[in-house]
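In the form predicted on its own, a lone chain appears below as structure tokens.
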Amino acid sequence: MASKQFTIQDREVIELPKPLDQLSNSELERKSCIGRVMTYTLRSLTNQLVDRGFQWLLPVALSQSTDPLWPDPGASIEKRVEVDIYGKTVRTTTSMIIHKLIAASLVYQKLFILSPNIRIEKAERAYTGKHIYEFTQLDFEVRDASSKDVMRTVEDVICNLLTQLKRDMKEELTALCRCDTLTLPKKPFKVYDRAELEAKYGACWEEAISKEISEPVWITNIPREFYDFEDFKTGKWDNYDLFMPQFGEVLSGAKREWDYEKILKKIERDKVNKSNYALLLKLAKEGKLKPSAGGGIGIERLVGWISGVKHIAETQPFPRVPGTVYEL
């Protein structure tokens, strides 16, 4: 079976990842090498969070309430997956943001989850190299934390991971041609304001900054869903994305809304279905929803950047490429 290809602006050709049964012996060895980097990355990230007092929660795959992904301009969902069980309509998890906010408010001061995300992307996104229709996030949330608290924690965790990888995974990084090119970024990471990037680059600022940077940077003040904190007086958003070279956004996070009136106003403004967030609204109205901040790290994008892949589905044993469905 011939590989699908797509020529991007700089004439580089991206091969879409193939299923395991179509890989050559050398490709299988490369897949195994990426898998070892994935295993090391997951162990490092989860160990670091546990050592920092985070509790590890189990994921949820089906729920009445999940991320609306609206009105985030970066979302490109072709359809949502719904199923009826026990007389209720539930959806596959697009992210566990609502679960995190409630869990952090009621039980867990600091939590993380390796969370499933099913987002049926439009088929043309197959060729960006950074989109897949099923992926895993390392979701985390901290009650009473600020954006700066989270950003500093993430910087420490990422830099520790890279230091450990370069020490312990030299053979794998050499095989992937990343031993010399994967460098340790300086802390704190550089911060850009989205409004300034938009003024400089226009609507395609995300693609432009992803090509310009050579190490991780933060992008702040991004208009997004109702749960990210928005200052109504200034119009600024207290949120942050971590961008990596080539792949762009690898982490998305924010300080959260907890005030009932603000959440309700934003849900109505954005024309989001209130009935899907009845419990969140109830807890906010009762004063049980607490201030928090957190984020979610896209594991495939992070490992893809570390491994130097052309397409992040290369990090998956069973590729989930938009527009393509393999048997496994």
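Keep in mind it's a predicted model, so treat the numbers as computed, not measured. Sequential numbering from 1, following the sequence displayed.
Missing here is the form predicted together with ligand ASP; even so, the following discussion is about that form.
For the candidate spot formed by Asp67, Gly253 and Arg256, every residue has a non-hydrogen atom within 4.5 angstroms of ligand ASP in the predicted bound form. Between 133-141, 167-175, 148-156, 105-113, the stretch whose residues reach within 4.5 angstroms of ligand ASP in the predicted bound form through a non-hydrogen atom is 133-141. The closest non-hydrogen atom of Asn221 lies beyond 4.5 Å of ligand ASP in the predicted bound form. Arg119 belongs to the set of residues with a heavy atom inside 4.5 Å of ligand ASP in the predicted bound form. Interface membership of Ser210, defined by any non-hydrogen atom within 4.5 Å of ligand ASP in the predicted bound form, is ruled out.
His99 falls outside the set of residues with a heavy atom inside 4.5 Å of ligand ASP in the predicted bound form.
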